[in-house]
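Next up is one chain by itself, shown in structure tokens, the form predicted alone.
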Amino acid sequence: MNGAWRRWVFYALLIILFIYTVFPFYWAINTSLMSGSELFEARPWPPDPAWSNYVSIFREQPFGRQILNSVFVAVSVVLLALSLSVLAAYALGRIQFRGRRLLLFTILGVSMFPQIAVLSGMFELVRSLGLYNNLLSLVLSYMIFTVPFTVWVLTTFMRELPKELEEAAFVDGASPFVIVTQVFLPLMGPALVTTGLLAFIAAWNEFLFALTFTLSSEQRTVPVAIALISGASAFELPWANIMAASVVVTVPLIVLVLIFQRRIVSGLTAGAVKG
């Protein structure tokens, strides 16, 4: 009886957690299919779904272009961050040198700075480089909070790799670059997927830098585009269109998580138990 009671409690908590996490997305889909006065009525599903809301977000603004902008920026940030972080993680995780611990904590400390604290300095840098209203300004600025995170996570993973592999590669005459790219990199798949996906989500959802460093609709990313969907007043905001746009930009993240969920779990648990 005790085992059955625990099982029922477990399933009840699981259901509550599922509803808590899934309900906001369900309600966003529900709201995106409403029109007119239906927005002010609590219904589990609109009787006549207004699929035209999804068409209008692409018709009234270059939303497709803005999605591509977000894809370009997020993918570029992930590729650059992982490329730099793998090399830095090897140096910080496998090579003994004076000041290594201080450098690690400095990298971690940089990631704790709020974006608003570095906004003015980044604006001056972007303007001096001639990158204002350019997607490259977002790639450059996003590296500030992406690289410290990826370096810290990959350094922790790099420390757990067997030292015997590195020693055998050195005996065979391999250089440190060859060891990183051909010996360690294949073993770091789960960690790379996990950190890369988290960096992608952070770049995909970033708002402050994207709002500050871009001006035209053709250069905006989706968070800014959704925020600038407006009406005559707060009561006349096109909430259905806003929810439709939010659903469109959330679906790719859900698909990525579902595709790489096994590697994400492996990456999060890597190094937790040493054999």
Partner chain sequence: MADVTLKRVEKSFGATHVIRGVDLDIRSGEFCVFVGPSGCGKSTLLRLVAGLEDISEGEIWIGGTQVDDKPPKDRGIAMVFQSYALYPHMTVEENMAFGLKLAGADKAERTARIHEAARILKIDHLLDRKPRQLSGGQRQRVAIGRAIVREPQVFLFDEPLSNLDAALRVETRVEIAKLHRQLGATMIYVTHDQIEAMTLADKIVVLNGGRVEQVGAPMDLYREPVNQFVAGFIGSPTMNFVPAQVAGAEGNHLVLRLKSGATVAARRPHEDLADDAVTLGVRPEHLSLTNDGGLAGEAVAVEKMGGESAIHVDVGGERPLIVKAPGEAVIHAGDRVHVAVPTDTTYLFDHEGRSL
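Residue numbers count along the first chain shown, from 1. All values derive from a computational prediction rather than experimental measurement.
Below: the form predicted together with the partner chain, not depicted.
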| property | result |
| --- | --- |
| Options 74-82, 161-169, 102-110, 145-153; stretch whose heavy atom lies within 4.5 Å of the partner chain in the model of the complex | 161-169 |
| Candidate site 247, 252 and 255: all three near the partner chain in the model of the complex by heavy atom within 4.5 Å | no |
| The single option of 174, 87, 119, 129 touching the partner chain in the model of the complex, heavy atom within 4.5 Å | 174 |
| Listed residue that, although the partner chain is not shown, lies within 4.5 Å of it in the model of the complex (heavy atoms), from 205, 134, 182, 115 | 182 |
| 4.5 Å heavy atom contact, residue 201 and the partner chain in the model of the complex | no |
| Partner proximity in the model of the complex: residue 187 to the partner chain, non-hydrogen atom cutoff 4.5 Å | yes |
| Contact test in the model of the complex: residue 178 vs the partner chain, heavy atoms, 4.5 Å | yes |
